[in-house]
Structure formats: C-alpha cells, structure tokens
Ligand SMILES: CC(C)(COP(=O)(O)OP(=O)(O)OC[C@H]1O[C@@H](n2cnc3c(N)ncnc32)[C@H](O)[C@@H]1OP(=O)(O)O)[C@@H](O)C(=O)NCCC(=O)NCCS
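To begin, one chain is listed below as structure tokens, in the form predicted on its own.
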Amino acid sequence: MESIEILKMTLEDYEVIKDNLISDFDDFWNASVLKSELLGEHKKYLVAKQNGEIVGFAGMLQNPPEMEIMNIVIKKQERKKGIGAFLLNKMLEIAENNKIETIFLEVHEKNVAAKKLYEKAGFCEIGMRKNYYGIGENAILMSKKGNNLQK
C-alpha cells in the first residue's frame, strides 16, 4: 500500500468530498449531516490521504471516559486495502492518549468486513439495535474496554 497520511479533517477537506459523498463513498449520511458532525462538540474527524487525495475518513465522539466511533468510511474503489484498519488504529491511539476506558460502536449486521475489522482489533459484540438502519436493518453493538486499548 502506498503511503497513507492520517490528518485531522478540516472544513476544506469537507468541501472537497461533500459533492461526491454518495457516489464515491456511501449513502450513510448526506453532506449537511457530515458537516454538522464535523463541527459538533466533542467530535473529532480524521481523513486518510494518499498522494493528497482523500481516500477515507472516520469520526469519533469523545466523552471521557468513553468514546463512540461514529463511522469509518473508505472510498469505494480504495476498499480492502487496509485503510479502514489504519484509521481504526489511529482512533485507538487517540483513545489511549485521552485515557478513554471504553469505546462503543454500531455496525450493520450484514457488514461482515467491518465486523471482522472490529473483532480483530479486540471489539466484542454486546447487543443489537433492531431496525437501527431501517426496517429489518439491524445494528450490532460492539465495545472494547481496558487500560490498553491499542492492540
């Protein structure tokens, strides 16, 4: 994999991807929701850049001693290259540096690749949210605890 740089997401980064969120990334949120998330209190967003191009981003809500991973989104044509794991590891590093004790997340029950990524990083399934993504579209709740959150 070519060199990936992880940086704090800026409004300039948002402007670069806002018009292509659905076509290049996914239809998880529209641009206005992403912007409000980016500007939200206690929220931090990261971008993964490869040769200056945004190939992924991830968001977290920090509320010590807990943190919630809001999303990890990789550009469609850049998936399965380890970028998601790279972003997750950076978030785990941030959590550890901020003395976070527990990290939570939701993942679509059909998103096998994401579930494997989280399990490999030490996350455990703790429950389910029925119809979280729509009727019949459930979310698996996962968490990771401990003093040493990095794997």
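This is a predicted model, so every value here is computed, not measured. In this text, residue numbers run from 1 along the sequence as written.
The same protein has a further form, the form predicted together with the named molecule, not shown here; the description that follows concerns it.
Asker: Quick check for you: of 122-130, 38-46, 59-67, 102-110, which stretch puts a non-hydrogen atom within 4.5 Å of the named molecule in the predicted complex?
Answerer: Going through the listed ranges, the match is 102-110.
Asker: With the partner left out here, check for me: in the predicted complex, does some heavy atom of residue 31 sit within 4.5 Å of the named molecule?
Answerer: Heavy-atom contact with the named molecule at 4.5 Å: absent for residue 31.
Asker: Tell me, yes or no, whether residue 26 is in contact with the named molecule in the predicted complex, where a contact means a heavy atom of each within 4.5 Å.
Answerer: Flag for residue 26 set to yes.
Asker: Could you tell me if residue 83 has a non-hydrogen atom within 4.5 Å of the named molecule in the predicted complex?
Answerer: Flag for residue 83 set to yes.
Asker: Just checking whether residue 94 would be counted as a contact of the named molecule in the predicted complex - the rule being heavy atoms within 4.5 angstroms.
Answerer: Contact check for residue 94: no, nothing within 4.5 Å of the named molecule in the predicted complex.
Asker: Though the partner is not shown here, which residues of 117-139 have a heavy atom within 4.5 Å of the named molecule in the predicted complex?
Answerer: The stretch 117-139, when checked against the named molecule in the predicted complex, contributes 117, 118, 120 at the 4.5 Å heavy-atom cut-off.
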